[in-house]
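Shown here is one chain on its own, the form predicted alone, set out as structure tokens.
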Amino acid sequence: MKKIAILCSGGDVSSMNAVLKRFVDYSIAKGLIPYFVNNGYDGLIDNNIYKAGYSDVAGIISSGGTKIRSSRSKRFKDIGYRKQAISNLKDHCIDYVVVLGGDGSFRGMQEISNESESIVFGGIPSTIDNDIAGTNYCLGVDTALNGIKYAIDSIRDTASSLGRAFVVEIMGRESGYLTLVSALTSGAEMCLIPEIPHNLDAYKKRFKKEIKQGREYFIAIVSEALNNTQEVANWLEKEVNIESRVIILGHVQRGGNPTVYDRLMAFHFATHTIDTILKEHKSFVTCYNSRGFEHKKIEDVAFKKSTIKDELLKLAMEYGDSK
């Protein structure tokens, strides 16, 4: 019987546990022996590899994070440690490895794939940033967006009660995807993302006009990539003359009970990856776009820049319009 292992690398996302459950159930159904790697690529290096069964995934589908933990391994960049990881996989006679992670994780997967020869690797995009080239969707995004939605809705209650401006900083690394979608779906009055240059003078003109017309509070959604959240709050107080507060949601955006959509996508990603890995002789990344699920070469995913869709960017440009 062939053996297949799975690991999580980089930042955790909700629905990783849902992938783990489907991975174990479906692997066994396909006649494979499933293995878990604890602690990501560091776990490969340290031989933290063990056989997984039904009891290991019982009741975990509703939990955020990942039962087998994750890591950002600096050691894995060293070829000597990667050779140790390959040796450990071969000692366990593992034929296939599934990697949940982002572009950095996939670059590491490319390295070890090239060096291991006989082991086939399959990647599943898993990052709330939704910034992986070649796929329209990454696991964890829907849960993160729903968590942000609940937070902004609560903040709006206070903003409207006290007549204040709240500047909410959203994660996303260098991508403004989470920020933009959160701003659009929460009815925010300001949205600042790195993909679109912003003009505060245009905002000032519009905000002053809206205050005269009866607006009493503002919600500003700002990407962490801009590193100017406090400056925006100071600007609102000085230029718009409205009391302002800063809210940094931080890592609460990563965790939480995964949504139905993320659980369903986890099911499909795991199923497609296992089906593909049994047919492929080369490593790949499973992607999801308008054509459905498909597999792509690692270099076409991990080494290219992701961009936000044009239709979303057009909506983002409306925010800075002075009207």
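Residue indices: 1-based, along the sequence shown. Quick caveat: nothing in here was measured; it's all calculated off a predicted structure.
There is another form of this protein, the form predicted in complex with adenosine-5'-diphosphate, and it is not shown here; the text below is about that form.
**Q** Is Arg82 part of the interface with adenosine-5'-diphosphate in the predicted bound form - any heavy atom within 4.5 Å?
**A** Result yes; Arg82 sits at the interface with adenosine-5'-diphosphate in the predicted bound form.
**Q** Any chance Gly108 has a heavy atom within 4.5 Å of adenosine-5'-diphosphate in the predicted bound form?
**A** Yes - in the predicted bound form, heavy atoms of Gly108 and adenosine-5'-diphosphate come within 4.5 Å of each other.
**Q** Spell out, yes or no, whether the shortest heavy atom distance between Phe269 and adenosine-5'-diphosphate in the predicted bound form is within 4.5 Å.
**A** Taking the distances in the predicted bound form, the answer for Phe269 is no, it never comes within 4.5 Å of adenosine-5'-diphosphate.
**Q** Under a 4.5 Å heavy atom criterion, is Arg72 part of the interface with adenosine-5'-diphosphate in the predicted bound form?
**A** Arg72: yes, in contact with adenosine-5'-diphosphate in the predicted bound form.
**Q** Name the single residue among Phe218, Tyr203, Phe76, Tyr96 that comes within 4.5 Å of adenosine-5'-diphosphate in the predicted bound form, judging by heavy atoms.
**A** Flagged contact: Phe76.
**Q** Going by heavy atom distances of 4.5 angstroms or less, which of Arg173, Arg245, His92, Arg156 would be at the interface with adenosine-5'-diphosphate in the predicted bound form?
**A** Only one option qualifies, and that one is Arg173.
**Q** Please identify, from 209-217, 96-104, 231-239, 138-146, the stretch that has a heavy atom within 4.5 Å of adenosine-5'-diphosphate in the predicted bound form.
**A** Only one stretch qualifies here: 96-104.
**Q** Mind listing which residues of 3-34 have a heavy atom within 4.5 Å of adenosine-5'-diphosphate in the predicted bound form?
**A** Contacting residues: Ser9, Gly10, Gly11.
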